[in-house]
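Next up: just one chain, as structure tokens, the form predicted alone.
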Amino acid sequence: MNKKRIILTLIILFSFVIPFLDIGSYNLHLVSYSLIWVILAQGLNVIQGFTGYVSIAQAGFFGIGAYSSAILSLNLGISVWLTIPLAIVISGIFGILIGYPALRTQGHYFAIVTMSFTMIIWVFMMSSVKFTGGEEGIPNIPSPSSVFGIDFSLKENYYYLILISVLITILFIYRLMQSRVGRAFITIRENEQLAQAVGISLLKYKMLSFTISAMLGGFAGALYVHYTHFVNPTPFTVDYSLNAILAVILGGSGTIIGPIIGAFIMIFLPEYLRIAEEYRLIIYAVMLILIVFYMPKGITNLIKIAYNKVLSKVARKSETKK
């Protein structure tokens, strides 16, 4: 087993023991919420990082997944174990519907179309009071039913559902990017004319990328709504889409580890800056600007450089001892 796999194994093992550590219920909540955002950011990374199209629709798909699962479970009495996959499918259908016209555009035109979609979804959530509860939202959303005696209404147990969902998502993204489909995404990102010249159907693969992104956004939304037991339109605005974009950029666009780092930063950093309440937003903004300007390839690239330097120093020391 190489060093990277050892480190990865240790991180996964550590993530499983977090609820047993004395970190407090609030910090456990932040970790759980960050993991939900990891799925959201990984979905966005498929279309943004690997395919090269910046979508501002991710918060809209997040909301579609959340409301779909909430309404199906609360109003229709369908088991949460079914509503979560149904929410993923419904989000994918919306991804196809919006992706078909949007992906016929490029650059800032694509961004504007996807932003408009998010705004339309948000207005619908706010105005359709009978359907979505409007600004007051939908309370008392059920937790998944117990399995093998595990009560998922407890935050500590629901944490493991989120964690396993994250691991499955990361494994899926990894296998996807190792496949012919993933290589097609990257080719489109690097050079669309070249991709078309070698026989890659641009619309087909861009649609597939956008749909996968939408489905993962819906997956995150479904997990979120059964974790909070409440949903209203607040977390599904354009601002949240921009935060998701920033999470991908901060961590490292086009990498798998990047959205994980970015998601945790976007959740934890604003919370821990509350100690400087008056200057919190200024400090937050300045830090993000500095990171974007001086680390354009994201924090993942910085970690990679530091890791390689450490390895080279260790190698030199071992050579001098010989």
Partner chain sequence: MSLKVNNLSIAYKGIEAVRGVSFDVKEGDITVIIGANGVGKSSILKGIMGIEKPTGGEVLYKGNNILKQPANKRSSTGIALCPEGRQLFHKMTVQENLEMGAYARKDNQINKDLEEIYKKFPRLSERRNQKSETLSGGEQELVAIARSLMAKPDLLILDEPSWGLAPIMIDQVVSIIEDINKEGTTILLIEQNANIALKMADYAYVLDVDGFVLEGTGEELLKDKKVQEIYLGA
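Quantities reported herein were computed from a predicted structural model and do not represent experimental measurements. Numbering follows the first chain given and starts at 1.
Quick note: we don't show the form predicted together with its partner chain, though the next part is all about it.
Visitor: Please pick, from 104, 108, 183, 175, the one residue with any non-hydrogen atom lying within 4.5 angstroms of its partner chain in the model of the complex.
Guide: If I apply the 4.5 Å criterion carefully, the residue I get is 183.
Visitor: Check each of 165, 228, 237, 187 and return the one that places a heavy atom within 4.5 angstroms of its partner chain in the model of the complex.
Guide: Contact residue from the list: 187.
Visitor: So if I measure heavy atom distances to its partner chain in the model of the complex, which of the stretches 146-154, 116-124, 72-80, 190-198 falls within 4.5 Å?
Guide: The contacting stretch is 190-198.
Visitor: Under a 4.5 Å heavy atom criterion, is residue 205 part of the interface with its partner chain in the model of the complex?
Guide: Residue-level check for residue 205: yes, a contact with its partner chain.
Visitor: May I ask you to list the residues of 42-73 that have any heavy atom within 4.5 angstroms of its partner chain in the model of the complex, in sequence order?
Guide: Result: empty, none.
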